[in-house]
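First, one chain by itself in structure tokens, the form predicted on its own.
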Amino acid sequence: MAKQQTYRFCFGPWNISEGSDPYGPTTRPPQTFDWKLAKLKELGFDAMMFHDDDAVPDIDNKSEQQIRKEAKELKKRLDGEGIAAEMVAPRLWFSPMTIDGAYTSNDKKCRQYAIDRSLRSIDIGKILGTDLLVLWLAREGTYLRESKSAKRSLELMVEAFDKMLAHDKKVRLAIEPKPNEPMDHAYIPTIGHALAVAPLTRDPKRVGALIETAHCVLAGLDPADEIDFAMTFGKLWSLHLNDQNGLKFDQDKPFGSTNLRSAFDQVRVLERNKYGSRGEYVCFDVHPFRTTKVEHWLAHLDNSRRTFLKLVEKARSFNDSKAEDLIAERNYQALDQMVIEHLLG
């Protein structure tokens, strides 16, 4: 019998959020990074995701020497706690320099700012022990089609990616696509777009993808199919599992919260492709509901992992032989009911 895959789990400091949304203020008091790091350990997670300014706060106002010093101090703390750094991502969507985009801004100075900050993020990641730089291209789009050329914007992104790849010979770029929000339309909205860009770069083997469940739903695509697609190319280097109730704002609901069958399908694909066997983590990019009380603050993280592990059991106990017989008979009605009854127990 083949050895069954084991999984390692992580989340980011932003996943313990305070409940604000575009229409209202916070509903829970802020907590320190130290508190969040302690809770990650307490919950038994294996790694933490980082934005560059999670690792080094106020990064824009610090020298290269200060940035490296603080990153080394964080690495020492993580090692002491037995926590790995899963990835680092430059937080390019907060800065006033990226109002019109980061790598695709019409202002050359703003584009250079985005590239410089990305290179610093690579340096931080190297110190923290991760070669994975995640690029959520949040503002790489436009509100007004006539203000930019999509072709030129893609060229500018490839130019930026090439500078990152040249900066460190081991760094891997994981593009995290999303079709909209905060921009009206993004230039790299899906995994297919992300993987199509990779061959244009100086080292396509080091350009891959991160898939987030909610982003697939927002693009009108099936998350399980997107996972299968990326893994067919060997390009799924990280994964953000959550859930999404239709074409709304990015909700980041607990995994399996809205569509349990879709969550089951995602887990089956991960099992089938042996996700995690090359060191990848299962990350939960989930947020507590705005209504959540402080005493229940961490439940969404624990619940997401519990749901995932229960669905792993469901995937492994699914009668694949019987399913194959039904597929051969083209008896998809029976297959449909088989899946439903399996999930119902």
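All residue numbers refer to positions in the sequence shown, first residue = 1. Treat the numbers as computed from the prediction; the structure is a model and nothing was measured.
Although it is not shown, the form predicted together with D-xylulose is what the next lines describe.
Undergrad: Just give me the single entry in Glu176, Glu271, Asp123, Asp131 that has a non-hydrogen atom within 4.5 angstroms of D-xylulose in the predicted bound form.
TA: It is Glu176.
Undergrad: Considering Trp136, Tyr187, Tyr275, Phe264, which brings a non-hydrogen atom within 4.5 Å of D-xylulose in the predicted bound form?
TA: For this set of options, the contacting one is Trp136.
Undergrad: So if I measure heavy atom distances to D-xylulose in the predicted bound form, which of the stretches 70-78, 176-184, 143-151, 253-261 falls within 4.5 Å?
TA: It is the stretch 176-184.
Undergrad: Would Trp93 count as a contact of D-xylulose in the predicted bound form, using a 4.5 angstroms cut-off between non-hydrogen atoms?
TA: Trp93 belongs to the contact set for D-xylulose.
Undergrad: At 4.5 Å between heavy atoms, is His51 in contact with D-xylulose in the predicted bound form?
TA: Yes, contact at 4.5 Å.
Undergrad: Taking the shortest heavy atom distance, is Glu86 within 4.5 Å of D-xylulose in the predicted bound form?
TA: Residue-level check for Glu86: no, no contact with D-xylulose.
Undergrad: I'd like to know whether Glu212 contacts D-xylulose in the predicted bound form, with contact meaning heavy atoms within 4.5 angstroms.
TA: Flag for Glu212 set to yes.
Undergrad: Across 270-289, which residues bring a heavy atom to within 4.5 Å of D-xylulose in the predicted bound form?
TA: Contacts from 270-289: just Asp285.
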